[in-house]
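Okay, so we've got a single protein chain in two different forms coming up as structure tokens, structure 1 first and structure 2 after it.
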Structure 1
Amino acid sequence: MADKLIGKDKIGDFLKALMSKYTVVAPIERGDAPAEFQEIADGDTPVLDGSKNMMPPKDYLLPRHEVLVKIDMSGGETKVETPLPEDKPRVIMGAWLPDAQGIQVLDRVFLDRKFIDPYYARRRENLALVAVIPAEMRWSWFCGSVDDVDTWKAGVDALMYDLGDKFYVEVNSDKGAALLEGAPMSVVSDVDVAAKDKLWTEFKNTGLLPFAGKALYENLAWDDPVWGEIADKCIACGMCSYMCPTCTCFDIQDETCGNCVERYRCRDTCQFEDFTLMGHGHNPRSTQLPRSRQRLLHKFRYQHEQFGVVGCTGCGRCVELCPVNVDIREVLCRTCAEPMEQAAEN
């Protein structure tokens, strides 16, 4: 399908038509708080242009609180039920491209290993992804430094570029074409293509760090002094993990209600002391230093070893939000860039 334009004044009609066929999941504004991906209802006006702070879309695919099993022990018998999410066609709209790419990272963990996560799979299987490149890049983005962002387009079914009063829509898959079938769209002109290309170039170049490629995951060292420096400063909250579009760690807990038990999962993070604390008191990561190291090495080295991609998409949330300004870009510059310079000299 050829690229098309859709006027922002037509978006309401488009969404309405879309909602008759799909469950539409898009960022809903919540005052000063970041918008959150929710299933939209009639009359909702989601943020589709990527201009606002938003929670990562993982919160929809991997809810912060999800019941995994229900155990009914009334009547002397133990019955176990597995409440899986509804199987229905869904579309996620309005996700920043780095967030949409983050879903690719979630896929590796939840769909790619020996066990498929049935809850994630139910939401993911029949899901179309429509990402957005906003008119203005966020100051904290460094997407072009973590990956070849051109390859990210294949992971989304359609990509919308905010060109002011209209969106330029690039369709990347049959799923995307089906999604846009019958939408009130018009053909693109050379001027539109040029504007779109300009926006893409700007995105690619936003926050580029002075290293590239292999340096990102090969130069991270286990015994780099930077882990200790981060640990000195780090106050051990879980914000960087909980706001991250690719951090997936979770805990499983039981809750009793009469003769019934609900076993749910909820967020957890390698930054918390009890994350790896074992029942008998031993903790392999008993201080903040190994915990700080774990998060970064996991994203950039271990995930690359496991899946061939790094687990960071450069969305910059942790850069913007860290209470003590531990800036992942600075850390990467220190750990990754230096050997590159040496390489250039050789």
Structure 2
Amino acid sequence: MADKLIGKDKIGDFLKALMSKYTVVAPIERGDAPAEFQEIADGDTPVLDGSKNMMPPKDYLLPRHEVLVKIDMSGGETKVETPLPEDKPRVIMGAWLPDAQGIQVLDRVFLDRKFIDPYYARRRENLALVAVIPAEMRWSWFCGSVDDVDTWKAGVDALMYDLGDKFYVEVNSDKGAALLEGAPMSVVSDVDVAAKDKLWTEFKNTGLLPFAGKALYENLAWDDPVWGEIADKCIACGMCSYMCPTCTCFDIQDETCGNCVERYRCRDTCQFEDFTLMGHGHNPRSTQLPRSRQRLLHKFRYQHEQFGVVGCTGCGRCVELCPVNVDIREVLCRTCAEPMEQAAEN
């Protein structure tokens, strides 16, 4: 599976060839709002170089609103329908590599052997992932501090490196090689390989923090005072969860429309007050402190215990977009830069 080059002036032809075989999903600009992953059509100009802020691709795999069951009781007969998404070959292109890794986290949650979510599975089936390393790293990224990013390449079928007027396309699977068949590609040179390697090294070293390489799940303390400090600032807007490529929480509701009932799920977050509110009125997380603690412990401890993955990819969206400037990097530096027993001695 040889790596290839494609000039940016050939991307339109490449996309047209892909769309003849696959449904192509890529980020489309929306003015001042972050780009959003959508199924593209002829004439669309997706953002494939990773240069723009964008919604995470999980919005395509795990929609913000999705009908799970329809019950039609008209005409004296009850009909139950489970509207599963259409099963067809798809390609997600232009996702940042940390977002592509986020899909690997979602896979562990929704495709776990104990339970397979049929709605997520339909969208994930026959899906090829083509991620991107942009020419300039985002200031908020700290990917190399939370995980070994070299292992992330195995989770994508191809990886595009922005080398200015061209992309270096690194092929990582047979599925990725199939995407490039017949594409207007050229052979890479030693100079191209060196430029690609330099960009990869820059990505690996962007945002390296004192806790890089640490087992974060071993160092997060339940009673750390930092949770209270976060809670004092947090306004529970949910921005950090809604923009996160790995957060999976949702609520399920029923809605009646005449003789029809729809059961749907919609995005939710553990940062909302009513997320753990029980039917009889008890709420085990009635204040913001346990909710703030839950978000971090879930990402760095609970998901590791359950699925063996880190629930944060260092994409930095929560850093950039938090309206009260709660910086997860600062929190992790304080709690995880040194082992707990060493911190206790100090």
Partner chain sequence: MIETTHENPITTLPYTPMPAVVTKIITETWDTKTFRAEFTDEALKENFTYEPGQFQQVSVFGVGECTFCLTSSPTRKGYIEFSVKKVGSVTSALHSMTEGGVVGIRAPLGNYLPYHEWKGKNLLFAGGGIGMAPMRALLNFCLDNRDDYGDITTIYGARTPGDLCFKYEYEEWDSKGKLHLTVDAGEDDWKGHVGHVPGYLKELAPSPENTIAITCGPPIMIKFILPEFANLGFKPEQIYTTLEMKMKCGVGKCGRCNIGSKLVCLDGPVFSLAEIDELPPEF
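Heads up, when I say rigid core I mean the largest set of C-alphas that superpose within 1.5 Å between the two forms. Counting starts at 1 with the first residue of structure 1 and goes up one by one along its sequence. All of these numbers come straight from a predicted model, not from anything done at the bench.
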Please state whether structure 1 or structure 2 is the form predicted in complex with its partner chain.
1
Any chance the CA of residue 171 moves 2 angstroms or more between the two structures, core superposed?
no
Would residue 118 count as moving between the two structures, using a Cα shift of 2 angstroms or more after superposing the core as the test?
no
Core-aligned C-alpha movement of residue 231 between the two structures reaching 2 Å:
no
